[in-house]
Every structure is written in structure tokens, then in C-alpha cells.
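Form predicted alone, single chain, as C-alpha cells, below.
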């Protein structure tokens, strides 16, 4: 099976971490977000992935010089300009010469969805496109997808007001497509898969859906980027993984609770790290407190400083001793 993985976005919600690193190359516990996503695809039989690239595409190439990620062969398709979701799918699939049924996933979605089930249902009903759905409490941030009793999609409502949403089942960012879908997408311009392509397939009665309440997180915000780290160490996606790397240094009298401390990071004497992620090479100095926040690679938190309230400290950024940072991004970004 072949899959197109969409990784071309700017990751603006995760700035300043994404000022120098694409979102999907940010680390999640022990490896990149992309490796987690591709590894999941591999477990369902995908053996070739086409990366739809845009922002800082060289970072991906440098990370995987042999064009292999999580045991899966990679191909690269670099958009000449941002083409939106459907435009990116068309460009990547055509660049890779895909002419058979294929999978599409958003590269910032962490999920235990059974892709094989979506694939099987797609062929069982003879769909042109089949999309995975997941339930959410507040559907107003997403594309809402009402279906009939058999799973045929009846409409596609993008980000409806919460009290007007026809259902709480939303587009989960995993699709199975026939190559004919590519013919529906104009070349050379931005095309939204949610606003243009899906409604057109719905109009022809050819879009189907598979509902799943499996683990699903859109990891594109500071809160969810932190969440996917803590979920892994909590064992919400299989066996719990260690939060503190064997290559990190944590003082005997430091406190690390429910947190990720990555390779090369240092937590000094008397420091407290709680419900947080300390990325590779970062340092939390003596007596400092980091709570519910993310400290970027190479960053330093000065002695007795406090960082809390879902603050994000960027790459190689220093927080001065005794400083108090709450619900902030350092450096500040617009």
C-alpha cells in the first residue's frame, strides 16, 4: 500500500518551536512526530510513503538521507507553492506516479485507527473515497461528517457553530482514495479537500466513512503536542514508554513528575519538572520550576526561575534566573 503524508504546513500554532523545524520533525519522547506517524502506517501494511513537502523540506531530507523512515521507503514531492490540502494530495500523488488505490494522512495526527479497516470498507462498498471519522466533544473546530446508516456520507460541513453541528463525528484526517479523485482536483491552484473535493464526491454519492473511537489527537497545538508525549508515558497507546531518557541527567534531589526529559537534557539540583516536556539538550537549572510547559532543544531555564501555564520556550532560548514565565511563548512570535 502507498500513502501520501501531508507535512507541508508552517506549524504556526507551535511557534517558536517550528521557526526552525517543521512540525512533523519535532521530537515526541524518543523520535520525531513523523516517525511515529509512519511507523503506525507501516504496522497496517503501508510500504511506501510520499511526503508532500513545502516548509523547510530540506530538514526532512537531511533527517532521512537514505529515504527510509520507520522501515518505510520515502519519496519526496516538494510543492512549488502552497496548494492547500487537495492540491497537495494531487501534486504528491502525481509526482510519485500513483495510479492505484492509495491512503492519505495528515502528518500531525496521532491515532490508533485501524487503517486496514478503512481500506477494506472502501473496497467492500466500491467507494471513490472513504474517510475515517472520530468523535469529539466540540466539533466546531473541524469538518463535521453526517452519514446514513450504511456509512455513506451525506454532507461535509466545515467548522460549523457548536450548537448547529449535525453530528459530533468529524473528519479524522485519514482517507482512502481511488486515483479518479485526482481528476477532480484542479492543478496549479490552491484547492481545499474539505471545502471543494469532498462535497463534489458527496454530490455523486461516492464518499463513504468509517467511524472509530480509537485514540486520536490532532497534535498541532502546544496543548496537544504536550498531550501526545504524556499519553505515551501514561500507556494510553499500548505499553507505557519511559519518560526520562537514559541519556538525560537528573540530579538525585531533583523532582521529575509525569514528564518527558529527552536525551542530553539536564535537570539540576532542587529543580522541579512536572507535567512537562524537556526537549533534547535543554537545561533546567537549580531550584527552577517547569510545570505544564515545553522547553525546546538547547534552551535553558535559569536558577529559581518559574515556567508554567503551557509556556513554550524556543530553541536555544535562555530564561533568566528568577524570571517568571506563565502562559507565554519565548521568544514571542506573531
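Treat the numbers as computed from the prediction; the structure is a model and nothing was measured. Positions refer to the first chain, counted from 1.
There is also a form predicted in complex with a small molecule; it is not shown, and the following applies to it.
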Open item on the list: in the predicted complex, does every one of 84, 109 and 156 come within 4.5 Å of the small molecule, counting any heavy atom?
Closed with: yes
- [ ] State yes or no: in the predicted complex, is some non-hydrogen atom of residue 314 no more than 4.5 angstroms from a non-hydrogen atom of the small molecule?
- [x] no
Task: is_contact(residue 143, the small molecule) in the predicted complex, heavy atom dist at most 4.5 Å - done: yes
Task: Close approach of residue 52 to the small molecule in the predicted complex, 4.5 Å, heavy atom - done: yes
Open item on the list: Even though the partner isn't displayed, in the predicted complex is residue 181 close enough to the small molecule, meaning a heavy atom within 4.5 Å?
Closed with: no
TODO: Given that the partner is absent here, state which listed stretch (248-256, 163-171, 113-121, 226-234) has heavy atoms within 4.5 Å of the small molecule in the predicted complex.
DONE: 163-171
Open item on the list: Can you work out which of 79, 196, 186, 128 has a heavy atom no more than 4.5 Å from the small molecule in the predicted complex?
Closed with: 79
